[in-house]
Structure formats: C-alpha cells, structure tokens
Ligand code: GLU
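Starting off, we have a lone chain in the form predicted on its own, written out as structure tokens.
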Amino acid sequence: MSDIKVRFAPSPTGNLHVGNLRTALVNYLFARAAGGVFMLRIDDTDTERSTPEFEASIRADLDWMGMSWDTEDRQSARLDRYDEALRQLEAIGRAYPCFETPEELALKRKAQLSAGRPPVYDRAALKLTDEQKQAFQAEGRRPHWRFRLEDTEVAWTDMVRGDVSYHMSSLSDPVLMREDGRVIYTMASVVDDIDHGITHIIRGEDHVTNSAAQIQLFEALGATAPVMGHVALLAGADGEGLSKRLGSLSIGQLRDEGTEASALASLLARIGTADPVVPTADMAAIIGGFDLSRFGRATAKFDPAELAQVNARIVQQLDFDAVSPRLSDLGVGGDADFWMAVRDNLSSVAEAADWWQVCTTPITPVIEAADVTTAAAGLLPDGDLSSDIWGSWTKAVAAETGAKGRGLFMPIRLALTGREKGPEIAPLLAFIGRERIIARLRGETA
C-alpha cells in the first residue's frame, strides 16, 4: 500500500447528490488507483442540521456504490482537539477573539460595499484592550475566534488547475470558532487532516479560496499542507448548479428509479475529462482507467438523459448471475433464459418485471389485423414453443394471408404483448405459453 491517503468528508445535513458523490468517487478512485487509503470522515459539528438519518443515508449510498472506506472518524468526537488547536494558535498570536455581533458585522460589510471597498474584516478586534474585552464579557458577550492571515501570497501547484496563487490581503481573517463554541470547518478540517495524515485533498473548485487560507493554517499548526486538487463543479443539463437538496438528483432517488451504481461510476469518473464515457459494470476497470490529470477546468454538465443511456448499456451487459437476486425480489421467474430474452431491450433491471407480467399475467391484446392473428392462432405448431419455430410459423402465416414485413409481424406482436416495441417475440413464446398465445391471437384477454 502506498503512502497516499485521501478523505471524503460529508456533512450529514442532507442526502448525497451527484455533485457530492462525484467528489467521493474521485477521491476513492484516486486512492485505489494508487494503492492508497480512502477515509470517510463525518463532518457533524453542525448539531442543528446534522442527523443520524442523513448519516445512515450517506453510508448506504457509498455502500451501494461499492466504495468501501479503509478508516473513518467523526468531528463530534474530536471537539477537545479543536479547542487545543485554538489555544495553540492563540499562543503564537495567530488566533484572536472578536466581540462583534452578527448584526454589527453585517453593518460593517454593508458600509464597505457602499464605499466600493471589498467586505474584508477590518481586524478591529486586534485593537481592543484587555479592559474592553472584559467589559464585553461582563455584558454577556462571548467572542468568536478568527485566524490572523499573514499578508503574503499563497501559491501551490494544483493537481487539476495547475499553478494557483492568492494574496491574503484580499481575504478576511476566517472564523475558527463561533461565539457558542462551535468549531468552524476551516479549522476542524485542517486539524483532522493533520492528525489523520491526509496526503492529498481533492475537492470542488468552490474550495479554492478556502485552501489558500487553510494552507497558512496548516503551516501555523506546524504542518505541511497536503497536495491540493480542485475539480470543476458539476452543473445540471441546463447549466444550473446542483444542490444538495435537489431531490431529483439525489443518489437515493436515482437508485430507486433503477440507476445502476456502475452507470453512475462510469459517467462521473469521466465527466469533465476529454475521455469518452465507457459504460462498464466492473469497478476495477473504472479504477484502472482513472487519471486525475485528465480533468479539465471547464464546468462539466451532468445530464440525466446521458446517465439513462449509460445505464441502459450497463444493464444490457449484465449476466444473469449479477441480477438474479434482484429479479427474484421483483417476482421475475424464468431463470437465465428469460433474462437473456428481454435484456437487450431494457433500460433498467426493474423493467424485466414489466415484461414478466406481460408474458405471464392477463393482458388485453391489441388486434390490428384479425386475418393475420386468426391465421397465426390456427397455424401455431404443436410441440415445443422454442424460438426455433418462429421462422416456419410466420412463413406459414405469410403464405396463408399474403401479409409480409410490418404487416405480418406487428399484428402478432400487438396481439401477444399489447405493445408496438419490445424484445423479440420468438424467445418470449415459451414464457407466454400455448393457451395464452392462442387466446391473445383470437383477441381474448389472457
């Protein structure tokens, strides 16, 4: 195993959507391709919005994807460690208490914007005397804590974006701890990454500015920042950003709608690269073909229609053994022969149940050409209803009725299935059965 260690750090404040999952997948593939460690860290310091139900949902989604993690931790178990880090920063003059209320800070920002200045914190708290601080505390005010950025340029070579640099004068000193004692992501994440030995941080490009400040925070805590990689964000097919609460793209709903985990993995592993999407049900092959350097900086669009196409191609590759338990749960019989008869026309595994119902439960046939279907009922060969009889049977019907092409085959299809499209009829005959075939061809519900 290599020394590479990455983490996926979701907040259990909502269900995973495809944007979250893509971040998790990119980290997972990067670790597995390098023989490294993939860590799950639950960032659950937002006690008001974090729930056990959301955490369970996140874990279930990762399990469904086949993305096993090697180690895990949670921030709510490390609160004392964050307090310790804050004291360490305070001792070296890099963390300082601020007593402004949220309303006062909002007024400052409004005034700065009105004057045409960037809304950067003015560091007024650094000018407070001990007496002023004590007076605020006597009023019942509790401080929030900020990290004092050094007025320098922070630069790094990003695994996706190349050379990146930010001058800290354009940024506000980030808040580390709220007045209620709740640690902020900025510090908690850095402390965790140090303690867990994270070597590479791969996340969305919306964290680039955070990374600039956090690099200084790593250094202030006596550590070297991990290698950074910021992947372009996903947008919807219409160009709009993806939201954690956009239920139509939640992983749970996609799963319920029949999406294969391997279809999501196949698509998300290649979105944003110049490489073609290759539908594959084999995660090992997806890992083997993964290359973070292939990701570009342009916003990539996630199109559910493209996912549906990839999903159909995946389903049509699946062997019976891979779907047998799910078919049983769906009430589908017929073993491998039925699966192979319908597989090439399915968009999801669940659609097999639909065709099983067509074959084995009563339907109302559609009679388009009664002369053709009546002749077909009378000419159905005796004996085994295997696919082999299809050619001779339809040839006999054609000879008696003069029908050919669509005029021959479509009436039989409509009578036997009630549908214009679907799997080839020949291999379905054995599952429909002789009595039902004859009844349907005669226009009887059967």
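Numbering starts at 1 and runs along the sequence shown. None of these values were measured; they are calculated from a predicted model.
The following text describes the form predicted together with glutamic acid (GLU), which does not appear among the structures shown.
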Report yes if all three of R22, F30 and G272 come within 4.5 Å of glutamic acid (GLU) in the predicted complex by some heavy atom, otherwise no.
no
Flag H207 as yes or no: does it have a non-hydrogen atom within 4.5 angstroms of any non-hydrogen atom of glutamic acid (GLU) in the predicted complex?
yes
Taking 4.5 angstroms as the cut-off for heavy atoms, does F218 touch glutamic acid (GLU) in the predicted complex?
no
Within a 4.5 Å heavy atom cut-off, is Y185 in contact with glutamic acid (GLU) in the predicted complex?
yes
Give a yes or no for P10: in the predicted complex, does one of its heavy atoms lie within 4.5 Å of a heavy atom belonging to glutamic acid (GLU)?
yes
Can you work out which of R94, R203, R343, H144 has a heavy atom no more than 4.5 Å from glutamic acid (GLU) in the predicted complex?
R203
In the predicted complex, the one of S250, S189, T373, S262 near glutamic acid (GLU) [non-hydrogen atom within 4.5 angstroms]:
S189
Name the stretch: of 407 to 415, 40 to 48, 57 to 65, 382 to 390, exactly one has residues whose heavy atoms fall within 4.5 Å of glutamic acid (GLU) in the predicted complex.
40 to 48
